[in-house]
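Form predicted alone, single chain, as structure tokens, below.
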Amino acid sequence: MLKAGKRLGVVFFPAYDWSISPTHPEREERLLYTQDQLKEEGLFDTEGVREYKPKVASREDVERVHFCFPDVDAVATRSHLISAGGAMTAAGLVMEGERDRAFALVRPPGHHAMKVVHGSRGFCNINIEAVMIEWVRENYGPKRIAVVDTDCHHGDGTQDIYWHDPDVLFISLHQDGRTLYPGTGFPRDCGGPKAMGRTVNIPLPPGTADEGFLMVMERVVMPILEDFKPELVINSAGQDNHFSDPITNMNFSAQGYARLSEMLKPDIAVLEGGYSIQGALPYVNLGICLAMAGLDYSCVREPQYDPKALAQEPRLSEYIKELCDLVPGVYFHPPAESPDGFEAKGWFVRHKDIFYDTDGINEAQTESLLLCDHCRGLVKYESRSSKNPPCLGLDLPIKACDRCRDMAYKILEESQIKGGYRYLQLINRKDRDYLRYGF
């Protein structure tokens, strides 16, 4: 019997009862073929590898992260709560020492869900990695965490949630936003005023193959992680960079994904995108599982794999080399001031227009950070959408100072008295006080 070098837990939830439509790329078959492949290859017969069932995330778990307007029930189904709960289960296995590493093979995905949620965008309703991270912090104390997002689409939701958090490093490798949804994720986007350099975007050109991805891992991602020294490394393991994916334009292979996982050594991986249901996901997921478990993955091959046909063009290699020279400076030498926003009466303000492509909702949002010398600052979200009237969210960080805490409750009280907002919500991580009001 084979024995895993690292004890691996695999949390599986294919969400049999949920899909956007019977023929939509985000449907239950995404994981059914993977489930069969892992069992046929005998993964769970390997000593040290075990399958686990997910828990169900509570509404409180979601509200620790998101401002869901009008409420959690309006934007998330039970399947979304189980998907987030699967990520939490994976984290619990690692945090409790039952497993060395864990892979949450769950759906629906989550990395396009931002801090404020009015509906679904990019097939995502709630951010399952963020729900998991804040569950870990709630139960195991403050942690220095790195999230490496390898989905082909920029993880704009995760970036938005941790834009002002210096204790979470967010790195996203993705197809250039000039060529793919959501059209974001450029090197200049490097974090808010108190977290400059903690967001690192690496936009790769269409056609990037194993050579390019692994070059970026070696020359950009790993040196940054070595300097940041995270206590927990999380891989948002989207698999739509695969050469056979129907909605993207990259040339990554199952072997490349496995090698990336071997280099990254994530404590926890969470499935995100990937829509080549038969031709890629079963093999890519198998390769990732083997790599995370410290097992040989050299024989993993997907159908139609032709290394010569998938070889990266020399011009792309040169472009990626230049990118590797440029991007580390975003982390090691961030700009003195955030290029995104402006100061106004002691607040740092930025305006965002957000389109929920899955649900057809338009949102106008103003995000204001209270500039504080004693903590990272209170963040205020004023939002209205084509679905909801004006809403207000107040986010108080876990290490908030008394001034910011007092300001949060003052704004909340004044908003209740004066009106103007249909929904109010406070996330007070410092005192674990979570309040919601509707008028």
Partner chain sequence: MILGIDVGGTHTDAVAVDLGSGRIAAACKVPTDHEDLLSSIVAALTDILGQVDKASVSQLNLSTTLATNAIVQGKTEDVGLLVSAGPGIDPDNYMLCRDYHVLPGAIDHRGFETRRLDPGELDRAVAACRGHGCRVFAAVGKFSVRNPVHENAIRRQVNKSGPADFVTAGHELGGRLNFPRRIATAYFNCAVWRLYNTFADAVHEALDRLGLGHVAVNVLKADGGTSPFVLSRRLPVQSIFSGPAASVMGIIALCDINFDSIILDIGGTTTDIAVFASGAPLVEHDGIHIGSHPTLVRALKVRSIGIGGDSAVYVIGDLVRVGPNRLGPCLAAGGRHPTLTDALNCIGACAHGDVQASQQGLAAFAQERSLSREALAQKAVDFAARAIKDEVRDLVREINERPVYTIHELLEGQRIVPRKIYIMGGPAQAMRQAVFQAFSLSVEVPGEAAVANAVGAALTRITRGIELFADTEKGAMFIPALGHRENVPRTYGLKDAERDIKNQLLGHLAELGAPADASAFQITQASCFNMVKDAALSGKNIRVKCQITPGVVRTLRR
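None of the values given here were measured: they were computed from a predicted structure. Positions refer to the first chain, counted from 1.
The protein also exists as the form predicted together with the partner chain; that form is not presented, and the subsequent description refers to it.
Of these, 289-297, 184-192, 146-154, 361-369, which stretch puts a heavy atom within 4.5 angstroms of the partner chain in the model of the complex? Stretch with heavy atoms near the partner: 289-297.
query: Is every one of Phe13, Thr23 and Gln35 in contact with the partner chain in the model of the complex, taking contact as a heavy atom within 4.5 Å?
result: The answer is yes: all three residues contact the partner (heavy atom, 4.5 Å cut-off).
Using a 4.5 Å heavy atom cut-off, which residue among Ile82, Val116, Val220, Ala254 comes into contact with the partner chain in the model of the complex? Only one listed residue qualifies here, and that residue is Ile82.
Worksheet item: in the model of the complex, which of the listed residues (Glu413, Glu60, Asp45, Asp402) lies with a heavy atom within 4.5 Å of the partner chain?
Response: The option sitting close enough to the partner is Asp45.
Report task. Tell me, yes or no, whether Tyr283 is in contact with the partner chain in the model of the complex, where a contact means a heavy atom of each within 4.5 Å. Result -> Flag for Tyr283 set to yes.
Notebook entry, point to check: Can any non-hydrogen atom of Gln278 be found within 4.5 angstroms of the partner chain in the model of the complex?
Noted result: Because a heavy atom of Gln278 falls inside 4.5 Å of the partner chain in the model of the complex, the answer is yes.
Review point. Looking at the partner-bound form in the model of the complex, is Lys387 within 4.5 Å of the partner chain by any heavy atom?
Key: Output for Lys387 is no: heavy atoms all beyond 4.5 Å of the partner chain.
Practice prompt. Could you confirm whether Arg301 comes within 4.5 Å of the partner chain in the model of the complex, counting heavy atoms only?
Written response: The answer is yes: Arg301 has a heavy atom within 4.5 Å of the partner chain.
- Message: For the stretch 46-70, I need every residue with any heavy atom inside 4.5 Å of the partner chain in the model of the complex, listed N to C.
- Response: Contacts from 46-70: Glu51, Tyr52, Lys53, Pro54, Val56.
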